[in-house]
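In the form predicted alone, a lone chain appears below as structure tokens.
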Amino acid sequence: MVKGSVKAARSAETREAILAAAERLFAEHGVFVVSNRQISEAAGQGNNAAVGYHFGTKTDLIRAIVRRHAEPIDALRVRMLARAGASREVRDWVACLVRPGAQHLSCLGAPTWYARFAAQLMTDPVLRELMIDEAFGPSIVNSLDGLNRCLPDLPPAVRLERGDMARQLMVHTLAERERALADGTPTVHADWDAYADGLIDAITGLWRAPATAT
């Protein structure tokens, strides 16, 4: 391997170590209380400026963590959309929204930190926009379009309200299960796939529930 290739490989390894350390520390302690120095130390980097050198600002680092997961989740969703086709079943489209994230966490092995990290971003007004910018792509739009086609009689205001409810369930229940697994707390479902089934059932029921006339 030539000198340039060795340097590039080491740089890639360092970036990966920083991403993994930052994701874990952010998930366990909070995005705003973790310093670049702590991340560098956790990543095994003697240089406290390593985070800034490889990623720039903390916002750039957060964006890189989101992209690290958003891309494989999107690929899973694209495959599910191809199978859903022109389905008129609410559950099929809810599955396209829910299952890719759960499958991705399952593929990562144990322990994982991304669900807790993502939940923190979605509760902060600034970081929430970053998360949406990076993760809300065409596959999610297509999933929502399919869902909306199955619910033509649901009033727009109710549709928006239930979308918020469903998003809260998808973000925070994933984080709660991930936290339980990290703490060794017993969980209802044995694995992420079974967990996804239960969450899809619940959100499908939410969308199908009758709307009270106002």
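Being a predicted model, the structure only gives us computed values, none of them experimental. One rule holds for the numbers: they count along the sequence shown, beginning at 1.
Just so it is clear, the following notes concern the form predicted in complex with another copy of the chain, a form of the same protein that is not shown.
Among Gln168, Ser35, Thr59, Asn47, which has at least one heavy atom within 4.5 Å of another copy of the chain in the predicted bound form? Going through each option in turn, the one that passes is Gln168.
Heavy atom within 4.5 Å of another copy of the chain in the predicted bound form: which of Val51, Ile65, Ala27, Leu147? Spelling it out, the residue with a heavy atom inside the cut-off is Ala27.
Any idea which of 68-76, 81-89, 112-120, 133-141 reaches within 4.5 Å of another copy of the chain in the predicted bound form, heavy atoms considered? In the other structure, the partner sits against 112-120.
May I ask you to check whether Asp201 falls inside a 4.5 Å heavy atom distance of another copy of the chain in the predicted bound form? Judged by the heavy-atom cut-off of 4.5 Å, Asp201 is in contact with another copy of the chain in the predicted bound form.
Does any part of Ala194 reach within 4.5 Å of another copy of the chain in the predicted bound form? Heavy atoms only, please. Taking the distances in the predicted bound form, the answer for Ala194 is yes, it comes within 4.5 Å of another copy of the chain.
With the partner left out of view, is Ala209 within 4.5 angstroms of another copy of the chain in the predicted bound form by any non-hydrogen atom? Residue-level check for Ala209: yes, a contact with another copy of the chain.
Heavy atom of Glu41 within 4.5 Å of another copy of the chain in the predicted bound form: No, no contact at 4.5 Å.
So which residues in 161-192, when you check another copy of the chain in the predicted bound form, have a heavy atom no farther than 4.5 Å from it? The stretch 161-192, when checked against another copy of the chain in the predicted bound form, contributes Glu161, Arg162, Asp164, Met165, Arg167, Gln168, Leu169, His172, Thr173, Glu176, Arg179, Val188, His189 at the 4.5 Å heavy-atom cut-off.
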